[in-house]
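So this first bit is one chain, no partners, the form predicted on its own, shown in structure tokens.
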Amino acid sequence: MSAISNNNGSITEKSENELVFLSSAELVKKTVARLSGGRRVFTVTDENVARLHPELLPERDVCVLKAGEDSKTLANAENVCREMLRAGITRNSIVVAVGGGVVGDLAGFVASVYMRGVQFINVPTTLLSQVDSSIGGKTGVNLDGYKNMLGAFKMPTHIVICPSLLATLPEREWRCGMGELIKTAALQPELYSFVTENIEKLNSREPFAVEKAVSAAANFKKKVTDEDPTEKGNRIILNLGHTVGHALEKCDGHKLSHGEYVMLGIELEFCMTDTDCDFRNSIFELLEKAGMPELPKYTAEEVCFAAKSDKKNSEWKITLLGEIGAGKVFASKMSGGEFVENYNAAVKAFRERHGRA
């Protein structure tokens, strides 16, 4: 399952979880058509992509969702399935997601359940989705504010990545993606060195820096997810920052972007575990340069309650990722009482470090 380099729209391999890198948005529709092999395509996108990049979408069988996390619900998944049924979509058809993480998660979930499963192609259009969420087959919708509580592992056949699409992203969406990019950099030494040396170029969206960072992050996630497709082993490292991040996201009602909660989660989890001080501080510096948001003011008990419902946790222990060293990440399991104590200390350190009350 090696990556495919595709700069002219020609496809020579088919498998699962394959990366297809494109140099121009003009090649996206043509490439998806070739990958579909003449089969019928049903496209799921959102209103932002439909407005900014209509050239990516086919002329028929397109479902346009309202943009944002609030669209990632079981009710919307049902609505997409109804549209597919009315359109006469069969098991031999292909669902294509064109959008960010919300679109990819929901469309992938639909592909996993519609007629017991149809093939799925992901076309990520945000930084977060190109470096992380579009790769590896995690799909899902939210339930009562909890992230991805209903879902399935549904590997896309291909992920079509065109970094030039990122030029139209709003600043908040860019910062959202930087959160996941820095998370990946914390796990991969070569990407960490590149991001550290080029953080200002990435913040200003310099094309070469963006293309290189996206390619490195996507290939790293592909390698990890190919080796552990259903998260029974090393794939758990990709959840760095997500236990606390998801808990804050639940408490805060998704007021920030997902990647901003991940930024907060990385910093707080590093403070709550025994991560090497020098490495931890270098990651903190990257997060600050990328645009660390304000920490929402919730009690440790509120965050702990939300964290206990995270999929990685047992009834009695909460799993945090930290203690990074020699390219490895180790899980730290805490009781509720330990979590509250460590979270309070981490918040105090966070506010002192950022000069915030």
Ligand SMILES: NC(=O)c1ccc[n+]([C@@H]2O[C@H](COP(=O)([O-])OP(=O)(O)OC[C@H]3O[C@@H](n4cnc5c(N)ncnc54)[C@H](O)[C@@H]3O)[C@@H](O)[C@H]2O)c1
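Being a predicted model, the structure only gives us computed values, none of them experimental. Numbers follow the displayed sequence, beginning with 1.
Keep in mind the form predicted together with this ligand is missing from the figure; the text below concerns it.
Visitor: Heavy atoms within 4.5 Å of this ligand in the model of the complex: which stretch among 210-218, 108-116, 195-203, 69-77?
Guide: That would be 69-77.
Visitor: Quick one: of A247, C176, I266, A97, which gets a non-hydrogen atom within 4.5 angstroms of this ligand in the model of the complex?
Guide: Contact with this ligand in the model of the complex is made by C176 alone.
Visitor: Which pick from L169, I121, C271, I89 sits with a heavy atom within 4.5 Å of this ligand in the model of the complex?
Guide: In short, L169.
Visitor: Hey, in the model of the complex, does V49 get a heavy atom within 4.5 angstroms of this ligand?
Guide: Yes, contact at 4.5 Å.
Visitor: Are any of the heavy atoms in T243 no more than 4.5 Å from a heavy atom of this ligand in the model of the complex?
Guide: No, no contact at 4.5 Å.
Visitor: Test of understanding: in the model of the complex, would I159 fall inside 4.5 Å of this ligand by heavy atoms?
Guide: The answer is no: I159 has no heavy atom within 4.5 Å of this ligand.
Visitor: Give a yes or no for L181: in the model of the complex, does one of its heavy atoms lie within 4.5 Å of a heavy atom belonging to this ligand?
Guide: L181 lies outside the contact set for this ligand.
Visitor: Is this ligand in the model of the complex near all of A186, R280 and K311, within 4.5 Å of a heavy atom of each?
Guide: Negative, none of the three is within 4.5 Å.
Visitor: Under the 4.5 Å heavy atom criterion, name the residues of 138-163 that approach this ligand in the model of the complex, in sequence order.
Guide: Sequence-ordered list: K138, K147, N148.
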